[in-house]
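Quick setup: one chain, the form predicted alone, written in structure tokens, and binding and motion questions come after.
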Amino acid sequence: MKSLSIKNLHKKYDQTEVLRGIDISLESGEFLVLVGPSGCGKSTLLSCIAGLEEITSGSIKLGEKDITHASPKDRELAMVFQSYALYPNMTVRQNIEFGLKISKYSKEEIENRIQSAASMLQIKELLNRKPAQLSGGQRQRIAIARSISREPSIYLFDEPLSNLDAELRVRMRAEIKKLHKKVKKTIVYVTHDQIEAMTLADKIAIMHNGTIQQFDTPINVYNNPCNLFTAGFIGSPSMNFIDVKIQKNGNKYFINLKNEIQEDNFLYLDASYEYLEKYLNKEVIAGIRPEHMQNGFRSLEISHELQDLKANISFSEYTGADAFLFLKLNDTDVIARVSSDDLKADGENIALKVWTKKILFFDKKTENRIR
């Protein structure tokens, strides 16, 4: 296993800078997911790590080895592509062994590696078939088996599940997670799917406009986003953003979430929000996740942190166990995620509980988290 270190990496195409000072430090065996919207630079960064793109400036180290300008074949890595990149005229066995033959391994070593990879991914019965005879999920397993057989120091995955249907993506996610536990190698994985990012990663790098907005664990990215972009990108449905004025009554700060049925919907904040003093009587952006506005929380431990919020349901979406209620607070459309057991009809009023300790605040000008 080897660590990965990227320092101040820049990449330009002519005068267009697509990567702007990327810094990443990844421990041996960690699973890093690069996630962000289309065009944010995540696939370009992966290509730079792979040596498929020459960087403009900065450095890339694998363990103690500087691979900044090394050719792809000398980087001790294997890449799994979105399109599988299998040779259609070759059998599964031939696809796996192709790179091993080029590396001039012995016949015995090649066979051992093929059998090991095939066993790990449960594809032994497919070795004599050709790609056209396989499903999308099977082809992806072959592409991964080909990478495993090379026994690299680091694995690179470029949106490997994007061509699969929803059910198969869930199954393949689990397979990739199991694979990581077995091989215990460093993995860099690109996706635009936040669910993949949250379920697979040890560390997540949220990318936007060629920069890393936040590099952290999935839990911290979700609970402690550093800015408005990260807060809105992670979470499904995404976080609600509501313009509010910070007010104070005695030594308690509060905000007002007015709506069609209540002009005054005051939510009081506990003592931990003292950092809002400098924003007193100013407008900021309050961030509230849909699951923190419910019609009933199970935990009694947080009952003292729950406050009442009455609102009118514009319309709702039934999803099975949950329902999404669309409300209007401070003239802003927001979503509450509630239990569907006692779902009310569109147009009715509902009494919700808000977990006030989970409300985050953001500066309107900088869009950075206030804390």
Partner chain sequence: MDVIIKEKNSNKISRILIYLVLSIFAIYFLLPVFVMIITSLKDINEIKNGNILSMPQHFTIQPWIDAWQNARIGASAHGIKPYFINSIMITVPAVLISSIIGSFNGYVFAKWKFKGSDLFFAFLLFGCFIPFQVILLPMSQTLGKLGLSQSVFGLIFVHIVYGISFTSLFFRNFYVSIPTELINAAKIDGAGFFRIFFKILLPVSLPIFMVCIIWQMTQIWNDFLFGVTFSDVSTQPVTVALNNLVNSTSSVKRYNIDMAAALIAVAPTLIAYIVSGKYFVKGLMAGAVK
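On a predicted model such as this, the values are computed, not experimentally measured, just so you know. Numbering follows the first chain given and starts at 1.
There is also a form predicted together with its partner chain; it is not shown, and the following applies to it.
- Although the partner is absent here, Y84 sits close enough that one of its heavy atoms falls within 4.5 Å of its partner chain in the predicted complex.
- Residue contact with its partner chain in the predicted complex: I102 places a heavy atom within 4.5 Å of it.
- Among heavy atoms of N89, some come within 4.5 Å of its partner chain in the predicted complex.
- Among heavy atoms of R139, none comes within 4.5 Å of its partner chain in the predicted complex.
- None of A286, I246, A118, M79 but one reaches within 4.5 angstroms of its partner chain in the predicted complex through a heavy atom, and that residue is M79.
- Taking F98, Y222, F266, F241 one by one, only a single residue has any non-hydrogen atom within 4.5 Å of its partner chain in the predicted complex, and it is F98.
- Here the marked residues L52, P72 and R146 all reach its partner chain in the predicted complex, each with a heavy atom within 4.5 angstroms.
- The candidate stretches are 192-200, 213-221, 120-128, 90-98, and the one lying within 4.5 Å of its partner chain in the predicted complex by heavy atoms is 90-98.
- Using a 4.5 Å cut-off on any heavy atom, none of the residues of 252-273 reaches its partner chain in the predicted complex.
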